[in-house]
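Just the one chain here, the form predicted alone, laid out as structure tokens.
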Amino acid sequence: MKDKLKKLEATALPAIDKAKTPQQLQELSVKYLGRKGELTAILRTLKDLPADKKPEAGQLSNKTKQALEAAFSKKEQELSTAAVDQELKKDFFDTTLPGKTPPQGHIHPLSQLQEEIEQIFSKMGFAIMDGPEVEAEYYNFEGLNIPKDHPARDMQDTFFIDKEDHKKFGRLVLRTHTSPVQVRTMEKYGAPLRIIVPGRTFRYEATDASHDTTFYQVEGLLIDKDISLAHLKGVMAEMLGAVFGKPVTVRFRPGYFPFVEPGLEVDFSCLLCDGKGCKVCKGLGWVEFMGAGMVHENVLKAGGIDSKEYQGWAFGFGLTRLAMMRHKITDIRLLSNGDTRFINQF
């Protein structure tokens, strides 16, 4: 067997070295290392050798096999390199040309504005909170002073996703506002408290240029001792001035929301006409912005806070609407339809 292996190696190695094409190399591989190849045939005779001869024969067989495999690998690399060189000779390729840069995405205008809002409020000492989008009915309604028979539920046309009515928390629902995080945060941290809650909300809306079933809100809550609406007005003026890059005048109007008392509608001066009146502000000089007010004592109670010792205010505005006003976007659906021609403008 020793002589057969030496003879095979002496024949195979020169043949491998002389191969001119990958096809020839493949044929030699089958001839020597294939299932019916010459080396394979020799290896099958190992079992017939005397026991004292098998170790030496086995070592020599492995060395021969490794030598052939190394030769095949080396030759395969040579033929591959030669093929590439041949192709380069046929077709000129300027290696100094710059490569093609793949297109890069960027942050969505809503995410840009949300990050900016978070930074503005963080500088004023507000913490950024988050909560579940699939919310318990209790936190979305009852904890915010909206009982089951309250007409505000009809206005929100809710998406319920769980038919089971749990004893305390009710059914599961896609949250209609980010306000549930108010109660959750009060339960966890108590008072004093200063937070904003940006996030996605859902309502069963008839979709048009100014309404969509999915939109983004920013909720705000401040609870402490001796807090008044004057503090809210100052915070809103500071925030809007930072967003629009110019001083903004804020005004309050009476409004109704179940979770605040008294309730307010907050407007700011129209930036397009400087308060003189235009189509955007419907000739009034003011743009309706958000709802706000002093936190209702029932909401404080739901959060485990003593309304006789603490008071506070809350607000909520549409981040999507604010982005539309900032960039003069005329259709809310453009922000979520996935058309990169629109998004790439920002």
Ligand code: FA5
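Residues carry their position along the shown sequence, with the first being 1. This structure is a prediction, so every number in the text was calculated from the model and none was measured.
The form predicted in complex with the named molecule exists for this protein as well; it is not shown, and the discussion that follows is about that form.
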inquiry  = Can you confirm whether Y138, F141 and I195, the three residues that make up this candidate site, all sit within 4.5 Å of the named molecule in the predicted complex, judged by heavy atoms?
reply    = no
note = Here the chain appears without its partner; judged in the predicted complex, the stretch of 123-131, 187-195, 259-267, 235-243 with heavy atoms within 4.5 Å of the named molecule is 259-267
request  = May I ask you to state whether G318 is within 4.5 Å of the named molecule in the predicted complex, using heavy atom distances?
outcome  = yes
ask   = Using heavy atoms and a 4.5 Å limit, would one call A292 a contact residue for the named molecule in the predicted complex?
value = yes
inquiry  = Can you tell me whether Q217 touches the named molecule? I mean in the predicted complex, with a 4.5 angstroms heavy atom cut-off.
reply    = yes
request  = Using a 4.5 Å heavy atom cut-off, state whether I332 contacts the named molecule in the predicted complex.
outcome  = yes
ask   = What residues of 194-232, in sequence order, lie within 4.5 Å of the named molecule in the predicted complex by heavy atom?
value = R203, E205, S210, H211, D212, F215, Q217, E219
